[in-house]
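Heads up, what comes next is one protein chain in two forms, each shown on its own as structure tokens, labelled structure 1 and structure 2.
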Structure 1
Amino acid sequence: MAAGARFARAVRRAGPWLWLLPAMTVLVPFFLLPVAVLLRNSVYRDDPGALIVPDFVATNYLRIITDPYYADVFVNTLMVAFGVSFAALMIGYPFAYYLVRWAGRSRPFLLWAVYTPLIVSVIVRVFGWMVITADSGLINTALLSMGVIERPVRLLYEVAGMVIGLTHRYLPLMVLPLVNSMAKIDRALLAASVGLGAGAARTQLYVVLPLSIPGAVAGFQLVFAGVLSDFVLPNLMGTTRFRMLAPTIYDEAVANLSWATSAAMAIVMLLLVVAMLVCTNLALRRFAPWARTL
């Protein structure tokens, strides 16, 4: 009886934590543990004979930062991540604004168009983009027949093609937070702005734009992190002359069997994402202190 009561009390106290159990059973062994192993490997030494040797050295990190080959990979990837995030913002912002402000009956259709890329497998979509961007693809055929160009412009297996693919892949992650933050803007605020003497442009610039910044930041974070670690698009649509991070890590680990080097690169990639999140959140707190309490 007493034991039963004590057990019941223990369950009651542990109750709230039990809700975390399903997630923890997956996250701890399959995510936290591998990251810990990566962290450990990144300070080990690669060895031609023994694959990887226990040690505690910084040489892996030093090499990937100082060696131009690896440094280029990081620079390339960061450039593409910034570029794609920016492109997604430029495309996504007006789209989201139209969706929220003007789209009436076409709204479900437009939302569906946003969601589709999330539903369809990325491989299927890449093949679609290949058909469009290939030398004999839709874009080139059209431009050739219109006489705009004389020879096909190389898009596929070039940076351009990869960026097109990446932008399409991550656009929904930009649009959805933007739509969310714009939809939250009270119509009365727009009326208030106009009623106080502001024209449409001023209202847009001083009311709508600042209030959609939290959505833009959230979208930027999602797209940036996604592009930084994307493996499929650089592999299928990019070029080996412009190396990206995720495929390089894969090659190091699987082709070169440099587990320590690839581990260090993976950790740096993780740190880059964390640094980006911290920086953008600090910037948001500094320049939009109202956003947290909204």
Structure 2
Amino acid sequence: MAAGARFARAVRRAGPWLWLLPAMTVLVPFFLLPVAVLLRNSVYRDDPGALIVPDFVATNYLRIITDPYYADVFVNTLMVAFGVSFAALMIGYPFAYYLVRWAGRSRPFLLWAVYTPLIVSVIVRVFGWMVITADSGLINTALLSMGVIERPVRLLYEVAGMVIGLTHRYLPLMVLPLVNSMAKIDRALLAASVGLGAGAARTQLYVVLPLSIPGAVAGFQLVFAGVLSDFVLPNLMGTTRFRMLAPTIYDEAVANLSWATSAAMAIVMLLLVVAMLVCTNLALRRFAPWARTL
């Protein structure tokens, strides 16, 4: 009996780890090990003849911090990541609220419209936006026909066109967490707020907005991390006059054969994502402590 009880306790203790085993079999070989290799390469030395030389130096990180070129790349990427995340929040919030609160029978169709861009290949979407943002594309044609502009606005291969494409690509990652967060709000709370004289505007401000903050934070994190590491859109819709991080890492590794430098940049990019996640989670706990129970 004692042996059986000990075995049962051991099984109960190991239960959570057994549930984690499938995830760990994917996480360890396909994420942790590659990150470990990148971290090792980031402290090696670049050598034109040997590509990369085993060493233990901080030269690559110092060059990234002190070189104005790399500083501009990081600043550009952070600006675009924050800008696209904010734009996605401003666009996605009212859409998510309408979808949860007022959509009714059209909700399945609207959800389908949100999910579809995630299914379509990013290359297909990029070429679609290249057609729309071209000098003779849909946007310029519409503005010219309405007399808003006298000559085509340069969007394609500029920062503006790239931001439009990035916002479209990552908007579903903002809408879906917001929809999930707003759907959890008890409608009795909204009815009670209106019944106590708060009105629709104050109910939105003091009830819906605070309770939907977790979804907004989750969407912001997803969009920010995606934009920070995006390679396709900056490469196909952006401009070499405004360098972004992922294409620069690729150029360092493939064109310049600076594998150690590119590894250091990739590690810094990962640290930026981790720092953003930690800061937003701490801010959520500090300014929205009720979110822990949602």
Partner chain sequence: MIEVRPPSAKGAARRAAGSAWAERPVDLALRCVSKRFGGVTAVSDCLLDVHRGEILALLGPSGCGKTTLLNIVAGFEDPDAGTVELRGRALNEVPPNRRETGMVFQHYALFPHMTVRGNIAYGLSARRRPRHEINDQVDDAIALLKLDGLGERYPSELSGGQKQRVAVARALAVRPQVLLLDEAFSALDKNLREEMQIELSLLLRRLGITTILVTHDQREAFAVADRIAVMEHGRIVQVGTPSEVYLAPRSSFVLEFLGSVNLLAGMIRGRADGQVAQTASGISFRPQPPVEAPDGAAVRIYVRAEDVALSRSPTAVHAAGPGTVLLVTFLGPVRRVVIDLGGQQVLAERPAGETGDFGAGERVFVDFRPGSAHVLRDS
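Only the largest set of C-alpha atoms that superpose within 1.5 Å between the two forms is called the rigid core. Numbers given to residues start at 1 and step along the sequence of structure 1. Quantities reported herein were computed from a predicted structural model and do not represent experimental measurements.
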message = Does the form predicted together with the partner chain correspond to structure 1 or to structure 2?
response = 1
ask   = Comparing between the two structures on the rigid core: C-alpha of Leu18 shifted by 2 Å or more?
value = yes
